Ligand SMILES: NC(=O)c1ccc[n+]([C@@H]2O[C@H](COP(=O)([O-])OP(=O)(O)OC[C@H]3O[C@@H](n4cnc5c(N)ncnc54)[C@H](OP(=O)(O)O)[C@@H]3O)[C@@H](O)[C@H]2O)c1
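Given as structure tokens, the chain that follows is alone and in the form predicted on its own.
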Amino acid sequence: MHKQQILIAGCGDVGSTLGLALQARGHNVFGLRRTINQLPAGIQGIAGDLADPASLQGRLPPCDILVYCAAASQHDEAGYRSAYLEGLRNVLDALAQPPRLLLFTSSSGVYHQADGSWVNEQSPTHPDRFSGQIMLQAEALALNSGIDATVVRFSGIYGPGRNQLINQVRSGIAAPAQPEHYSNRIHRDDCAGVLRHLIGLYLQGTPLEPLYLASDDVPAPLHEVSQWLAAAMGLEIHTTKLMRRGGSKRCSNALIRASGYHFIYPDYRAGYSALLRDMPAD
């Protein structure tokens, strides 16, 4: 496999994990982010602000593959528009020549379904929140860019440093059994794993689909997950309250699995068990 020039724009937690895996396979990996001192050794840092076109002009190396995996630092409409839609446009405009492949990381938040039904890549998307609406606009920008592009919709990402649910359970709080609210998740390592897998397929000459939904094997009611965490930590739940986490739906990973990807953490039990094992004792 020939060494590729790979630019990861918005090279945070997922991007850095991906970058190290690609660098270990002999590729030249560049990480674009505002603070490059936080990049791990092996990823060549490029300091730039996705929202500031001037900070990108003349700074980006030629790349065979562009992975755009930004995360919004402001969770309002302006912040989402800046991170996902305008940021992608700014990076594409700043490249001297287009990459051969563009991977854009999106979100299962584009789905509006709230009745516990299954969704896949063909399911309708009519989000009523600005976050999902802007993400769909950014997906369209990627897919209509004239570049060979693939969108990956991640469900709720968890992993090292993403301990919101664990911390809630530690506080004795769990989701109620009713109304039943399905949740979907994917471990940070599987986010990077899916992207690395798709890059590998592409470099082998396997055509990619324009869209993949990436989530683990087991959509589960949030009540079930929080109760399991409490038992795993030997804690008692004393309060139940609704946790606002988007619509209640079940994300199918059949397409990404059919492409040959094997999940490192195929369900929440495997992923959270590993997290709890590695967390420092109080």
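Throughout, we count residues from 1 along the sequence that is shown. Computed from a predicted model, the values in this text were never measured in an experiment.
Below, we turn to the form predicted in complex with this ligand, even though it does not appear here.
This ligand in the model of the complex: contacting segment from 6-14, 19-27, 268-276, 255-263, heavy atom within 4.5 Å: Contact criterion met by 6-14 only.
Any non-hydrogen atom of Val67 within 4.5 angstroms of this ligand in the model of the complex: Flag for Val67 set to no.
Non-hydrogen atom contact Leu201 with this ligand in the model of the complex at 4.5 angstroms: Result no; Leu201 lies far from this ligand in the model of the complex.
Residue contact check: Pro219 to this ligand in the model of the complex, 4.5 Å heavy atom: Outside the cut-off, so no.
Contact test in the model of the complex: Glu224 vs this ligand, heavy atoms, 4.5 Å: Glu224: no contact with this ligand in the model of the complex.
The unique member of Arg59, Lys241, Arg34, His238 whose heavy atoms fall within 4.5 Å of this ligand in the model of the complex: It is Arg34 that has a heavy atom within 4.5 Å of the partner.
Partner-contacting position among His197, Arg162, Arg81, His112 - heavy atom within 4.5 Å of this ligand in the model of the complex: Answer to the contact question: Arg162.
Site test, Gly116, Ile166 and Ser183 vs this ligand in the model of the complex, non-hydrogen atom cutoff 4.5 Å: No, the candidate spot makes no contact with this ligand.
Any residue of 50-75 that, in the model of the complex, places a heavy atom within 4.5 Å of this ligand: Residues within 4.5 Å: Leu50, Ala51, Cys69, Ala70, Ala71, Ser73.
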